[in-house]
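In structure tokens, the next block holds one chain alone, the form predicted on its own.
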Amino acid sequence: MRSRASPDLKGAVEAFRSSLAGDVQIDVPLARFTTYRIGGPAAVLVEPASPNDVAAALEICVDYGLPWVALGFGSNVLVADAGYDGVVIRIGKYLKHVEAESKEAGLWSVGAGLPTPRLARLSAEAGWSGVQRLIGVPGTIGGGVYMNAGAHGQDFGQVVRRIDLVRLGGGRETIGADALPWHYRDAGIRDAIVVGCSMQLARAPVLELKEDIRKHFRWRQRGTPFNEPCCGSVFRNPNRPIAGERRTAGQLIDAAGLKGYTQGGAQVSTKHANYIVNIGHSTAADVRRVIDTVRERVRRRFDVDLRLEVQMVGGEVGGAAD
């Protein structure tokens, strides 16, 4: 593990501060940037002010040989207790534009830092359908595109038409959505950061859209621990029938008798078994122990290997983030 005081990191921080218009901080606790409220410090936290800042940040990471990860709201990540010994590029407050490219055609241009619930409400109020059921998806547009987030029969792959990317090394590119495979909870983007996209929405009555939002938000309130520290769904739903039935990850975990299962400050939600909540001062290690137990018991009971939807960042479980 690289020391946070190493010469290459110091040089990179100087390069970030001289090249970027956005914010650059060192040794920043990440718990306050995740919906789990869990996570140790990032060696460097960069908040780009523009897509050009994102490009410059990635170029510097490559030049200095630094690991990096992109972060939105931190709604689909579990950050290690030891933190992340690299550069966290947080796409948020500076990249939140939303505008209609063509009001007649329903083409919307959206920044990667815009909250998904905000777009759901704005588009519904303007009479456009396609993302209103994503009202309960807590992440940003960039994270939603990257992981093809979805809910209640809608997902990003259905509406995205173009994606603005910054490639590893700093090159900017706009690609058509048809250039990506768009799997379940994975758009197939690799070694790049989403900085914006264009979406094709469809005309619909405003009152119907608002009622759709109310219905699905009420479901989210009743059926999930949406107001507790958590990451959303922890596991992906199985892609095959179990004993002849289509069953969700939550149904399998519930059937295995794991609702309420607790390790330290982490607990399988009593409302929805595919949520693991921080019930008070949980560590990432607590959550990981619950995850491991859930996977082992579901495997033993149903012969199903549950795949993670949450992204692990830092420590021994580093990876891409939401």
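Residue numbers here begin at 1 and follow the sequence given. The structure displayed is predicted, hence computed values, not measured ones.
One more form of this protein, predicted together with a small molecule, exists but is not displayed; see below.
Residue (of L209, I193, A120, L252) lying close to the small molecule in the model of the complex, criterion heavy atoms within 4.5 Å: Of the candidates L209, I193, A120, L252, I193 is the one lying within 4.5 Å of the small molecule in the model of the complex.
Heavy atom within 4.5 Å of the small molecule in the model of the complex - residue from C197, V159, C230, V87: Selected residue: C230.
Among 74-82, 121-129, 210-218, 243-251, the region lying within 4.5 Å of the small molecule in the model of the complex by heavy atom distance: It is 74-82 that comes within 4.5 Å of the partner.
V69, I91 and V137 each touching the small molecule in the model of the complex (heavy atom, 4.5 Å): Yes, because V69, I91 and V137 each have a heavy atom that approaches the small molecule to within 4.5 Å in the model of the complex.
Contact of A112 with the small molecule in the model of the complex (heavy atom, 4.5 Å): Yes, A112 sits close enough to the small molecule in the model of the complex that at least one of its heavy atoms falls within 4.5 Å.
4.5 Å heavy atom contact, R185 and the small molecule in the model of the complex: Within the cut-off, so yes.
Contact test in the model of the complex: A151 vs the small molecule, heavy atoms, 4.5 Å: Taking the distances in the model of the complex, the answer for A151 is yes, it comes within 4.5 Å of the small molecule.
Contact test in the model of the complex: D23 vs the small molecule, heavy atoms, 4.5 Å: Residue-level check for D23: no, no contact with the small molecule.
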